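Two forms of a single protein chain come next, each set out by itself as structure tokens; they are called structure 1 and structure 2.
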Structure 1
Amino acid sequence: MNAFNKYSYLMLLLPLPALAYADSGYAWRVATTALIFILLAASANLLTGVSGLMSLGHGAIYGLGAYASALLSTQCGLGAWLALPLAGAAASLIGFLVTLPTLRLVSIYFAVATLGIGEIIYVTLLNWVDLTRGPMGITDIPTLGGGGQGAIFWETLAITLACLYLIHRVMHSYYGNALRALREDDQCIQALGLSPFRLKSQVLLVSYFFAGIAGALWAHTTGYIAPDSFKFDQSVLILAMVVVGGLGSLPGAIIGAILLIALPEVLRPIGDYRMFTVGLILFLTILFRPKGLWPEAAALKLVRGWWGLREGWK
């Protein structure tokens, strides 16, 4: 794994010139979607990979962000740039309050409880017609800035990179290590004098904030949202990205998101097998590469190498 150095992250930027060269609306659109899902996968990775709280309702939190941003900008007349962080905060707060009751549950019980929470949020978005216009969705959401699909892509890229940097700093800090310890053994964390409940609450707030930002980006880049985009399938897609890339590994989450967004686009000629491909890739990964494509250990080794800590890490 010595081939990985700090430039390996930069390799992820390689598709950009090709994208600028192609300069078609379709390519920009796919790339923007990929960016949004990179951010989502990174936020889910913080929750599921690093802290071990398997979430099957992440798609609904993403929906909360999208709806918060859409409502703030269409009903309250806020600009897209102001609505974006507010939507993140709203998704974080509402999501946290809804998830709060389930924080004492562990492993699969937490997963199933979050599935229930995701469905509760979805049903609410679908049925609260006065606020969300129900199945019709919200139209005419203002876009981020002027310009065409290309400009929207560069703006999304800037926001996503900034968010990824923040997530990176959270994951690869002493705090991130405490979260990893929480994932492995919550009694051990208590013995160290840290509160598992507090750690879980904090990581929920942080992770949901970035999921909300991703939702807001989705709303402001497409201009139209409907509850159907935030169903259980999306949560599974996000979880698959995290698992395929590698639980607990940020570059893994990025690769997983790119793979699972791009592959169905490349395979488009074979028809409607989008979710089928996702399921198959997820299954094959669990079976043959359970630690993911870019495992956590390699990712940590890479990051610690940047700070000159490679010697002490064997």
Structure 2
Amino acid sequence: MNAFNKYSYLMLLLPLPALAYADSGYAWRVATTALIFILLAASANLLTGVSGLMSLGHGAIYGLGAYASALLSTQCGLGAWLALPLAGAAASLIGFLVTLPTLRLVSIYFAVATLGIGEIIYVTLLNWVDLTRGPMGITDIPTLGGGGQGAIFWETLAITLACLYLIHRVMHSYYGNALRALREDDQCIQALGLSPFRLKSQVLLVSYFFAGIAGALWAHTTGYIAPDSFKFDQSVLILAMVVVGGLGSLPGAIIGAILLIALPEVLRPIGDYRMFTVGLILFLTILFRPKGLWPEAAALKLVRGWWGLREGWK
């Protein structure tokens, strides 16, 4: 195996430090936002790409993590580093409980149900003024380390890399293979003696935990959150990242997130034509690469080659 294949995962992250070294607060901010959405796309990819549960409410789970961490640090006095994992756990548990009644649904019916769940969470965040301050949002949220934008970027990078490693281990394990079998055929899973309901419950908890961590990172890197940041359009954006990058592919999710966050900023000099150009590029990408920029089959081949495993690896 050549060096390119061996270190391709790390090479995916090279543009981010390069962008940050442009030495401006704006560049640091864009790079930090890209990292947060990389983590979001990876968590959504685990749910939608690997296990086949298409979620249209992932943006709302992201919001649960952001609000949980903001409330824990501003109302309960917890440090940001302690609030971060607690927020992930809170988003995972609350998201799981509200999604639980929909786990018997399949395909588009599950997707529509998660759309409704996302709207319920958004309306709750908007109208529960006593807790969330409604449309005014929560301000003065402490940063992770109390440093400038450069320090925030490196802290976010470290947390994102640790989470991506954990997601990678889940995806490329016996459990990850069971999730892929669940995606292909429920009855196949039952024939193997596994419970589809239990697998769906577990993957929801894991995916929502990392979405909650991403939300907490957003709260602690911006210092301010409001319900409008977690509307349906955010769920669509996250899903687009996963699809453009390649369903079921972790490097694909990373590429999709970088593309959809960085491309609008790179094209900012062309003004009003910016979003038109972004839409056109996405359309052409889907048209000519329907399985994504880095499809699942290529990602699996890379990982199996990385560890010296043959096609029969499970």
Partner chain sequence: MFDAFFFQQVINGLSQGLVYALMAIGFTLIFGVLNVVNFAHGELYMLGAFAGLLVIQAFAPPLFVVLLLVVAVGLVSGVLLERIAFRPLRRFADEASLKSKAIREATLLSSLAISIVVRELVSNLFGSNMQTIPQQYLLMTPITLGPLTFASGQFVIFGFALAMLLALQWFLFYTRSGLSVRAVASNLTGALHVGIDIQRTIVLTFMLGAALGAVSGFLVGLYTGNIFPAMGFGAGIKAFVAMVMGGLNSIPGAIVCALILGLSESIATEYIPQGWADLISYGLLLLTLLFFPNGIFGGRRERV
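Just so you know, these numbers come straight off a predicted model, no measurement behind them. Throughout, residue numbering runs from 1 along the sequence of structure 1. Take the two forms, find the largest set of C-alpha atoms that superpose within 1.5 Å, and that set is the rigid core.
One chain, two forms displayed separately, with the form predicted alone being the second of them, structure 2.
Per-residue C-alpha deviation between structure 1 and structure 2, core superposed: Leu287, 3.4 Å.
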